[in-house]
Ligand SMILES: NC(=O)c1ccc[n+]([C@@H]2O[C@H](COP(=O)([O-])OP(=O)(O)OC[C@H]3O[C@@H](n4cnc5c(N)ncnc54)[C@H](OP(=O)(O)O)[C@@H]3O)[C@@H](O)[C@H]2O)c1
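In structure tokens, the next block holds one chain alone, the form predicted alone.
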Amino acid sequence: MWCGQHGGMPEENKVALVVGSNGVIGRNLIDHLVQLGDWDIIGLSRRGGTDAGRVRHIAVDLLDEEDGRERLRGLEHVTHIFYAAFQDRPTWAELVPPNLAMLVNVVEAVEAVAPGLRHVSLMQGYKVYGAHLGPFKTPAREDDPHHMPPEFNVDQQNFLEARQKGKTWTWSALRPSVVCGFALGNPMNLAMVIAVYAAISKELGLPLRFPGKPGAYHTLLEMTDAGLLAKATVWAATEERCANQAFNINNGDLFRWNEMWPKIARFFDLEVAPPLPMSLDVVMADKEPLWNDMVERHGLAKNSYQEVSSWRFGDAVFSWDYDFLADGSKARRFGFHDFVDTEEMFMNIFADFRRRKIIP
């Protein structure tokens, strides 16, 4: 790794630009960079954030090219771009223009002012393999052929590959499974979906029912811990052999909901009842008054119902009635050997939510 000493000389300062700094991935990446101690960090997001120590934040709308260029004008010291931003849209085709434009605007703005740019890290996912569309080839591998577009993940990578030609900087693409960790107001937060669903079930005196498709209860799948992903992301961005490569990053173990669900129920002191297919987006739509009452009665942190709700994403994950996994061995062959026990990950995240008073 390029940390500390390199070629006998102290390395120049490393400055990370974390794009999408308030999401599950960006927030955990910043925490990891802070712990490493030899990075200066700039977080980019629409909401901005609170500056602390070696971390400062810039609020910017990356879809506004001119405003973006103006706000990013002072980033001449950036050495590494970590791109983890995402804008949701109703259809796959509509996802392409905004998500491609944000990446293009960041890279063009930073490249124009930062002569020491060394690496652009792109956060992708199993959508590259068509995992969101239906049963796909498993285990998916980094060199599997692309599926029929539209697919913004592929367009983003194509842009980086073309842009990098003849440049001194390199790129890497990280492909996690479902990422679990702490973040509020995130549209793709499975751990929060489960925790709030369980807390509300308990409040109503109900057992914990798996709400997904019947087949989804029995399929094999895997998760990616946000802390593990942060380590892998920095590793791929600073290890020379990883230049211009894509890597699947997952916890390293597999599970089925039929085994995990009772363990999750036990954490919340709930009974398990047989699965019952239902749309969380529909059945949880009227629960805001109940949530507000729970916040008051249990002395929880004053988070709005919107901030803790990712019901549409929960519905998507719980609809996968096909195996959902990718081969993570390429990262191991290149030298990344960390792994996380998925059951332990869920329990640690739920305990963390309790400590933060997100749930009772």
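Remember, it's a predicted structure, so these values are computed and weren't measured experimentally. A residue's number is simply how far along the shown sequence it sits, counting from 1.
Missing here is the form predicted together with this ligand; even so, the following discussion is about that form.
From the list 283-291, 210-218, 82-90, 163-171, the contact stretch for this ligand in the predicted complex under a 4.5 Å heavy atom rule is 82-90. Distance criterion of 4.5 Å from any heavy atom to this ligand in the predicted complex singles out D61 from the list D31, D38, E70, D61. Out of the listed residues R47, R297, R333, K302, R47 is the one that sits within 4.5 Å of this ligand in the predicted complex by at least one heavy atom. In the predicted complex, this ligand stays beyond 4.5 Å of every heavy atom belonging to T342. Using a 4.5 Å cutoff between non-hydrogen atoms, F152 counts as a contact of this ligand in the predicted complex. Though the partner is left out of this view, H119 does not reach within 4.5 Å of this ligand in the predicted complex, counting heavy atoms only. Taking the partner from the other structure, this ligand in the predicted complex has a heavy atom within 4.5 Å of a heavy atom of S177.
Looking at this ligand in the predicted complex, residues V78, A230 and F247 place no heavy atom within 4.5 Å of it. Taking a 4.5 Å heavy atom cutoff to this ligand in the predicted complex, the contacting residues in 109-138 are M123, Q124, G125, K127.
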